[in-house]
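First, one chain by itself in structure tokens, the form predicted alone.
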Amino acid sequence: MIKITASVFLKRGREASVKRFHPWVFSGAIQSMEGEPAEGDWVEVKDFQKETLGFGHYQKGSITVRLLSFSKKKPDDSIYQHKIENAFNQRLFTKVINEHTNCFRLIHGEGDGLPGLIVDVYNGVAVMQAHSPGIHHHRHSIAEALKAALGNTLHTIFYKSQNTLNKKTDNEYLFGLGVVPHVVTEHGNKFYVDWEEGQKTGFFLDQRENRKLLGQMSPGASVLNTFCYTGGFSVYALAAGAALVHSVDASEKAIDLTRKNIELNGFDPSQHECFAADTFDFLKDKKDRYDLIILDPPAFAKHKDARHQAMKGYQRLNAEAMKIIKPRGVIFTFSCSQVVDPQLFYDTVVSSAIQAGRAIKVLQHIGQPADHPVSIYHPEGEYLKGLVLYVE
């Protein structure tokens, strides 16, 4: 049973964003509190006239309340199951889940009305990740809701929040026991997923449709996949008939995972080569070797203080790729930094083009897929920005 431990009263004028369904209440917007909530507790949010605006999870810090309900009525235990069922139905309706794809993001935080929660599903295995004390506190209730919503399609729930919460917590199995690595299928391509040791929840599902688009351009092409991690773009390129694919990552572990995924899909080893190397160093002597280049680096900026330096990194990376790619080549370039907005990323790529001194066209703006929805009231959820560039 949900217990409300405190009431949070907002300053005059600070209720406007909540009334527009923005799910975050910042500490600076709070006038006072009645009660003494612990981190993760449910609290009621009220305006300066003591009118109820909604309910959410309390935590100490800049974001003090993450709202899960904008109703005047106190939520009950069914709130998690209701939201998870809605999210699952959306994935079914948009055909994210289909006969060729059995891995998908089920819950994308604020985009699915559950701020602080990520749930990725890998062929019957749900990997939960908490980004707030509230989600951690209620993880068992959420696990029960997952079991109810997914039924017998779900056989394992792994809770992986050791690196995402301010205070350390143990990773644990909340249901079943998984065996890693585990094979999933994405648009007919196979991948190993290790949710225990892999980055994030084990795989980067957000690039699924962009990998498919890359594949459509790959027949007969020479392809360079930088920051390759598990080789997702490389597998799609080879499956589409690329003449040659090179995968580059500074991590030996990532390169080993890429090799395993190439082997899993049965490709000719002579068409693919891995390099454990720094991408900037690798690009130095590769002029006119590649028709397609993928630039998908990890987040160069994880907070606003690092943004300026990060933009220098994006500028240099894109400029180097633009200089060395073959004439009439295509670059897929991305930023997954939430603090880098789409316009800033675009302007940085323009600056790279000027530095490279080549004629470049933007073919497409691309981003995250339908199972990574962005609430129209929470634009901060649009973290993945991408451009497809044609270099003349």
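Numbers for residues come from their place in the sequence shown, where the first is 1. Model, not experiment: these values are computed from the prediction.
There is another form of the same protein, the form predicted together with a small molecule; it is not shown, and what comes next is about it.
- Across the options 306-314, 90-98, 247-255, 138-146, residues that bring heavy atoms within 4.5 Å of the small molecule in the predicted bound form belong to 247-255.
- Annotated contacts: Q199, C228 and T279 all touch the small molecule in the predicted bound form [non-hydrogen atom within 4.5 angstroms].
- Listed residues S218, N261, Q207, Q129 were compared with the small molecule in the predicted bound form; Q207 is the one with a heavy atom within 4.5 Å.
- For the candidate set K160, R105, R211, H272, a heavy atom within 4.5 Å of the small molecule in the predicted bound form is found for exactly one residue, namely R211.
- For the chain shown alone, G266 is not a contact residue for the small molecule in the predicted bound form, no non-hydrogen atom being within 4.5 angstroms.
- The shortest heavy atom separation between D291 and the small molecule in the predicted bound form exceeds 4.5 Å.
- The small molecule in the predicted bound form comes within 4.5 Å of no heavy atom belonging to G241.
- Using a 4.5 angstroms threshold between heavy atoms, P298 counts as touching the small molecule in the predicted bound form.
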